[in-house]
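Below you'll find only one chain, the form predicted on its own, shown as structure tokens.
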């Protein structure tokens, strides 16, 4: 059964059609990836689910409840959080202040409990709690970004290009953490340019092309599909 269901979604931005009839499903505890070249609508899809863009048509539901068209803070409270592309941390604020920015609705006690939870996943949170986020390495900032998105106890985590700009060793570490997050019961919808590692990590995959779903299937099957191999895996 789908936890997050996107059905026949149409999105227009600036008078231009970006998404056309896109349907994506993320099951409870699942890890689903969206592949596609730059500019095909991947980030637009995540931002529309998050409430940053309003759909022209179609539905977005979480656990059977419609969330399409909700304001971003309502989507977060419903149980969907996003770690955006480029991390978008507050560089002059320390790590704990960045976590608080992602959890303003929490009580002091709940905030402390969530900090403990994310610190267990990301030790960098406790090790660098009073350090300005902007002074961290790219990989450390990515960990803080994901930790911030987990502060509200989401049911679904949207990840937009978590490996962007990171060294291979840090990419492997980030994806190990993503697997741990999923193991803790959080479903994941992942947009990722590194198709090889995404297909190795995910259960199911969609290929988005020119605003439409061009291919979909179990990730291991798409990894062996000649069309995917040629376009995204280097032959």
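Positions refer to the first chain, counted from 1. Bear in mind the structure is a predicted one, so any value in this text is a computation, not a measurement.
One more form of this protein, predicted together with a small molecule, exists but is not displayed; see below.
- Checked against the small molecule in the predicted bound form, the candidates 54, 37, 173, 200 yield a single residue with a heavy atom inside 4.5 Å, and that residue is 37.
- Judged by heavy atoms within 4.5 Å of the small molecule in the predicted bound form, the contact stretch among the candidates 59 to 67, 38 to 46, 24 to 32, 178 to 186 is 38 to 46.
- By the criterion of a heavy atom within 4.5 Å, residue 18 is counted among the residues contacting the small molecule in the predicted bound form.
- For the chain shown alone, residue 193 is a contact residue for the small molecule in the predicted bound form, at least one non-hydrogen atom being within 4.5 angstroms.
- Contact check for residue 13: a heavy atom falls within 4.5 Å of the small molecule in the predicted bound form.
- Contact check for residue 85: a heavy atom falls within 4.5 Å of the small molecule in the predicted bound form.
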